[in-house]
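Before any questions on binding or motion, here is one chain by itself as structure tokens, the form predicted on its own.
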Amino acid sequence: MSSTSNAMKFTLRIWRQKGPKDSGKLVDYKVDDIIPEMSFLEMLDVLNEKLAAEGKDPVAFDSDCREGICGTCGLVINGIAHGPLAGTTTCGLRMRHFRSGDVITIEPFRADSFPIIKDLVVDRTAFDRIVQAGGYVSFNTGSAPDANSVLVSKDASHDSMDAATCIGCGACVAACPNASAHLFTGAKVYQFAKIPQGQPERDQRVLNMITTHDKEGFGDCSNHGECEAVCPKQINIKTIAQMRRDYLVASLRT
């Protein structure tokens, strides 16, 4: 890539770890000729091309859609999950949000429940098991019902859809001092708790999901609010409050 007048350069301090059982460390790399409009992941692609050309092991990191939809790209950038821009996934972060010459520290999402696979890649399948524990919704689908046969208030539908936007990236866990996944679990409980279709299994769903959450080793919520601050979909922590109320009611009923 040829140099341009607005090209940027950075020192990247990246966590390198060969495998789950290996010790890791931060390693410094230099990157030059970075275009301000590049995404953060494109900048890492430039680094990896350079490392590959030098016969060195590229940095392992997760990505898929690169459109802020899938949530697999999560990194801790300068101590903040997904980086300094609120409401944005790592792949949506542009290099113009940094200053040329900056030292950028890049680490994986750190939590015992997210074991490191290699470098910046972590195993987040604990989230899958929490969702699986929620089970199914035994609501008769059949043919398309009449529009007004199942009444859902505007507020309830909006709240449910807001919670359903959770992409399961794990930033909430990485930011929480207790490594709690209550924002994720709360969102998955809340999206069904607010609509009629979610009522048949409501009690068992919340009991199963929180039990699995705890078995996976996630911590408890102590209302720091760091999870909400870094969530790329800006899920509200009121989902945690609703989940706790549901859990208490379900516990008393069983």
Partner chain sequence: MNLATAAQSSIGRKLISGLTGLLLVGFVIGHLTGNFLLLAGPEAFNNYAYFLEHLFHGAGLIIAEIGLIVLFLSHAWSGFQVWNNKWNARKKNYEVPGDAGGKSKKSVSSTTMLWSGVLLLAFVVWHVAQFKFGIIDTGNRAVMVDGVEMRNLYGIVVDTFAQPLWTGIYVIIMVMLGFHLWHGAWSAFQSMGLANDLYLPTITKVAHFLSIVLAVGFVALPTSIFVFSNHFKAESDKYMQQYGTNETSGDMIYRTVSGLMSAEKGA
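Positions refer to the first chain, counted from 1. Worth saying up front: this structure is predicted, and the values here are computed from it rather than measured.
Note that the form predicted together with its partner chain isn't included here; everything after this is about it.
Asks: Just one of Asp220, Glu49, Asp57, Asp64 has a heavy atom within 4.5 angstroms of its partner chain in the model of the complex, so which one?
Replies: None of the other options qualify; the answer is Asp220.
Asks: Within 4.5 Å of its partner chain in the model of the complex, heavy atoms considered, which of Ala193, Leu207, Ile34, Leu41?
Replies: The residue from Ala193, Leu207, Ile34, Leu41 that makes the contact is Leu207.
Asks: Quick one: in the model of the complex, does every one of Leu12, Leu93 and Ala164 get a heavy atom within 4.5 Å of its partner chain?
Replies: Checking in the model of the complex: none of Leu12, Leu93 and Ala164 is within 4.5 Å of its partner chain.
Asks: Under a 4.5 Å heavy atom criterion, is Arg129 part of the interface with its partner chain in the model of the complex?
Replies: Answer no; every heavy atom of Arg129 is more than 4.5 Å from its partner chain in the model of the complex.
Asks: Should Glu228 be counted as a contact of its partner chain in the model of the complex, where contact means heavy atoms within 4.5 Å?
Replies: So Glu228 counts as contacting its partner chain.
Asks: Would you check, heavy atoms only and a 4.5 Å threshold, whether Asn6 touches its partner chain in the model of the complex?
Replies: No.
Asks: With the partner left out here, check for me: in the model of the complex, does some heavy atom of Lys18 sit within 4.5 Å of its partner chain?
Replies: Heavy-atom contact with its partner chain at 4.5 Å: absent for Lys18.
Asks: Pick out the residues of 229-249 whose heavy atoms come within 4.5 Å of its partner chain in the model of the complex.
Replies: Read in sequence order, the residues that approach its partner chain (within 4.5 Å, in the model of the complex) are Ala229, Val230, Gln234, Asn236, Ile237, Lys238, Ile240, Ala241, Met243, Arg244, Arg245, Tyr247, Leu248.
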